[in-house]
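Two forms, one protein chain; structure tokens for each follow separately as structure 1 and structure 2.
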Structure 1
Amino acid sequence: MKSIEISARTVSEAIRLALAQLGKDRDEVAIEVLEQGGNGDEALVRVTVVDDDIDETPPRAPSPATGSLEQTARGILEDILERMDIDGYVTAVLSTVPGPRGEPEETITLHIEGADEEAMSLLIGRRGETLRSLQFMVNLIVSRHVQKWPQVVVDVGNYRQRRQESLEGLARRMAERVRQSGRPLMLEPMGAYERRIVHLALRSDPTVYTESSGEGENRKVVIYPAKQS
């Protein structure tokens, strides 16, 4: 099977270049994102031609349903963007990540790229609120189409990764403060996804431990100094 790796400024740009080079359509290849890029780093993708030659096809070829799932999700997001009057280029990437119980879970990530910065920041909204609503809506409509609940992540111009990096930085800086003062510190309210990023960022730090407290919209992470033993 022919496979190439291409780097470019963004994931969708790299995919576009790779497809052009291979002379293939999106549905004829498997796409893996090796590096998300952003913050001056280049994105790196591996694009593998899915060969339909009988001799080369592995016994468990990707089911056609999987391909159509990505296309369904991409189509729905494109329908929404079009009706919002937003020009965006959507790339669907299928990846398998370990789920909460360690079992593999298929995730479809829809990357939106657009030249209009103002439109892109509208899609993200304050602290990613609009992006969360967009993702929720896409998941809801996709699941009604395919009668199951696949995990669909919607990202705009690498916003999620940038946000993750900034939350990890925040977590480490606040942990340092807790270490120095010996007193717990409460962060601002965050959604479940963002709290999880903070918990994970500090999980391996033996000098502090973290807990969430508060209810609903007000739930926030508290960083405590490690208990003296």
Structure 2
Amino acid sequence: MKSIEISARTVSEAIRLALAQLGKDRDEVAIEVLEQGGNGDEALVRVTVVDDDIDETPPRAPSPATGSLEQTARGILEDILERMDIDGYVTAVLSTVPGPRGEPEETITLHIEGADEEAMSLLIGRRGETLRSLQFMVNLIVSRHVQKWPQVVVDVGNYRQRRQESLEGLARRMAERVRQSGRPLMLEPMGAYERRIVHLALRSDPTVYTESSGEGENRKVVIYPAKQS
């Protein structure tokens, strides 16, 4: 499967540019909105060519007609783990989180439990890269069932919670440095999910504001001192 990430002023423009670059129509791709844009930040989308010749439908996953979205997502992830020869079980938790513009957004979190430490390390990968790829694969396959892009988060060993707490602490420490120096500070490259954590952690801080900068995998959060009125 070929996948590209495109940023533009709006989501629709980013999708149009991606389709033109891939030479595909809208019904031939899966679209994931990584960042909605706004407030001076560009929108970012990931567009993946869907190959109908690839068998992406796990035989054990229930269809929307016979099971809920949570059941479908859980069954797909369980089948992937079985094919990876990883012992573990999956629980699904439905929650509502703030969206990019503050609107409520339903998210299904799939927790992988019962795996040994070696398997957990394998699933997480370096700085969570494997876990993000696994999550994207699950969302892609689920989207083939429900005909829309779902909001499914995959977690293992509570890694995402620990990573979120670490990023929130980092954001607050770097914001303090920005306040003291009066100069902007750029963080390390992060995925869209982790950049959102930083943005949300500092959203209510009146002394600083954040924006994303860069392209694709090199996009970073920049923390700026608040503009003086």
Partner chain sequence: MKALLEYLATSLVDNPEAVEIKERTGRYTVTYQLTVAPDETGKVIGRSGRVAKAIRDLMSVAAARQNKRVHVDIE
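Structure 1's sequence is the ruler for residue numbers, which start at 1. Each form is matched to the other, and the largest set of C-alpha atoms that superpose within 1.5 Å is called the rigid core. Computed from a predicted structure; not experimentally measured.
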**OP:** Return 1 or 2 according to which structure is the form predicted alone.
**Re:** 2
Original post:
Taking the rigid core as the reference frame, is the Cα of residue 12 displaced by 2 Å or more between the two structures?
Top reply: yes
Original post:
Superposing on the rigid core, does the Cα of residue 207 end up 2 Å or more away between the two structures?
Top reply: no
Original post:
Core-aligned, is the CA shift for residue 151 between the two structures 2 angstroms or more?
Top reply: yes
Original post:
Can you give the C-alpha shift of residue 21 between the two structures in Å, rounded to one decimal, after superposing the rigid core?
Top reply: 55.8
